[in-house]
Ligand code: E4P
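Listed next as structure tokens is one chain, alone, in the form predicted on its own.
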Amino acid sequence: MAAIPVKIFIDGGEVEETKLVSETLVKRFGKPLDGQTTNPSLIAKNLAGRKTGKISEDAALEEYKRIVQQMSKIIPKGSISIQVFANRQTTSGEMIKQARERVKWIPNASIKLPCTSQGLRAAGTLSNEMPINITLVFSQEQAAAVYEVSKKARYPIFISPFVGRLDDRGERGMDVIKNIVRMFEKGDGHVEVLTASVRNLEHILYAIYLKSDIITIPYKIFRLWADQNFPNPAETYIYKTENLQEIPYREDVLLGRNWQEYNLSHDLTDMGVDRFYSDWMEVAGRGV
């Protein structure tokens, strides 16, 4: 069977899943997992499953560090995304400080920042220091801003549109991938599109069809794909959706502007920031 034509990351907080997925890919394709994405909610879920009661924030952070260090040993040449902990009041300076601490945890770290004005302000500085993954992306305008703020980046830049969360509220999340890939065709290729919040096999197939650079997949969805022998979409592939509203391509959103001229506002970005922060603070024993 031909190699998978995109990079495959696993999305989760369980080291054993990283190991199993990478071993499966080596056995089937002769190459390991390309990377791993983590976030506060996934790590908090992991910690909650292994701890009784609350633990201190310092102890929770040490566990996060230990987990990604184990992941790094499994895929030492892969990219492992480590997220800063931010709410809507967190400044770019605070994110930069966290990023500079976390990137030292492992040699193959990519630091995740939220697609907010403060997150992108931090990315403008950090993209010259380390690999960056801009997360909680839901719109073409947000993607354009990420492209522009990172134009002088010296390290890899990923952008993570969360397709499943758009699907959840009746919008066709994969249209955002399609629209961003189309918009970036006119760019210089310095931003890689990472399809995230994958919920089903069709998301994987359409992401491959659209030539998304990377797909990050939860373990249970990866198993569904593996159990069907890793199908690829045919040239005649048609994305199958029911009752999802189209997200049209916006001709008026053009690359080449100052990143601050784009509208970064999106309610799902705000909700995602709140959720990640709440989940982390809950397991760390501080509440919100």
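The first residue of the sequence shown is number 1, and the count goes up from there. This structure is a prediction, so every number in the text was calculated from the model and none was measured.
From this point on, the text means the form predicted in complex with the ligand, which you will not see here.
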{"property": "Residue contact check: residue 46 to the ligand in the predicted complex, 4.5 Å heavy atom", "result": "no"}
{"property": "In the predicted complex, residue 197 touching the ligand (heavy atom, 4.5 Å)", "result": "yes"}
{"property": "Interface membership of residue 11, the ligand in the predicted complex, 4.5 Å heavy atom rule", "result": "yes"}
{"property": "In the predicted complex, residue 178 touching the ligand (heavy atom, 4.5 Å)", "result": "no"}
{"property": "Segment that reaches the ligand in the predicted complex - one of 66 to 74, 38 to 46, 23 to 31, 234 to 242, heavy atoms within 4.5 Å", "result": "38 to 46"}
{"property": "In the predicted complex, the one of 85, 147, 206, 162 near the ligand [non-hydrogen atom within 4.5 angstroms]", "result": "162"}
{"property": "Residues in 208 to 226 with any heavy atom within 4.5 Å of the ligand in the predicted complex", "result": "216"}
